[in-house]
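Okay, so here's just one chain, in structure tokens, the form predicted on its own.
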């Protein structure tokens, strides 16, 4: 484990910039967003907040992305494919839950038989610098899904623990180890006392997570609840706004759309939400999920049953964003407690 003086963070970012374009959590009008580092003195206000308002998912899977442009005339059709940014992202300050979510996106988009090439191009060179939580929100329940909020985590390349005047750096991948080993002029070795201090801090963070809904056997339980009245209660409260999907670090549904003017046009990909009424509407007007009940049931079952059955892990990382920002107070953690017949206050 290496220690970096917090005042030398800019020197570290300069080194990381050799690996790609550096992105940092930045506070903007009380909203924390990942933004490109401009090369100046970095502010820690954003990275030291309780987590970014929006996950860094769009750095690998943009909200809107051009697939191709075309020009059509009587003679032929000229198609120009879109190209993702060829500068790989270096995501600094990503929380363990969001790092785990990227591992889930990898499972979906890097399928050997049908890889998503734009995502694969970005992901290949991406560098993840995780940041251990030092405090958590009341709505955080990442440990439910075996995510360590304090770290180090295997889903990144270098893990950072904030000690105030110093930052502890730990390599969590071979690439991260190579980078850390080249920082000897700006870091120094942590002593045993610092190691004990870090472990105590991490244990305090882990113990501070109040919500830990039981998920053992959850997918199997839900498999027998397709017609359960619980869905009526959720649908009554839900307003179908899609906020949960757009804030969720693991949601990956998208639509293909286009615009045409005269003989020219563009096809683009954009995020979509299963909570929208037209998500499953077909060209002839038929819709297999015409009601809000059917849509919210599909969302919860996908997260907590279907994804687990297909990939062996639940499609949620317990970041709590959907709970924090749902205008109708739909709470996925409370839903799990109810399904498992457990007390959410325990």
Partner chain sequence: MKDTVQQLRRRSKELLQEGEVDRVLGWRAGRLAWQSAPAVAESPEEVDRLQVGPFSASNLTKYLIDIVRPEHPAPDEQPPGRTAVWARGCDARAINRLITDGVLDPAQVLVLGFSCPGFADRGRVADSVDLKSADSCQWTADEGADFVVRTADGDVQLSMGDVLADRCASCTHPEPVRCDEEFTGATSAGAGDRFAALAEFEEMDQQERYEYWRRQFDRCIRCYACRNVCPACNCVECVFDGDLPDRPDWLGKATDLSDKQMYHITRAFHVAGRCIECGECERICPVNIPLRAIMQRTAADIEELFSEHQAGLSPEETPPLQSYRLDDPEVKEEGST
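Every value quoted in this text rests on a predicted model; they were computed, and no experiment measured them. Positions refer to the first chain, counted from 1.
Below: the form predicted together with its partner chain, not depicted.
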Among 231, 109, 131, 246, just one has a heavy atom within 4.5 Å of its partner chain in the predicted bound form, namely 246
Which one of 69, 281, 48, 302 is close to its partner chain in the predicted bound form, taking close to mean a heavy atom within 4.5 Å?
-> 281
With the partner removed from view, which of 187 to 195, 163 to 171, 205 to 213, 146 to 154 is the stretch that lies within 4.5 Å of its partner chain in the predicted bound form, judged by heavy atom distances?
-> 205 to 213
Does its partner chain get within 4.5 angstroms of any non-hydrogen atom of residue 19 in the predicted bound form?
-> no
Partner contact for residue 182 in the predicted bound form: its partner chain, 4.5 angstroms, heavy atom = no
Are any of the heavy atoms in residue 325 no more than 4.5 Å from a heavy atom of its partner chain in the predicted bound form?
-> yes
Partner contact for residue 297 in the predicted bound form: its partner chain, 4.5 angstroms, heavy atom = no
Any chance all of 116, 158 and 309 sit within 4.5 Å of its partner chain in the predicted bound form, going by non-hydrogen atoms?
-> no
For 246 to 266: residues with a non-hydrogen atom within 4.5 angstroms of its partner chain in the predicted bound form?
-> 246, 247, 255, 257, 259
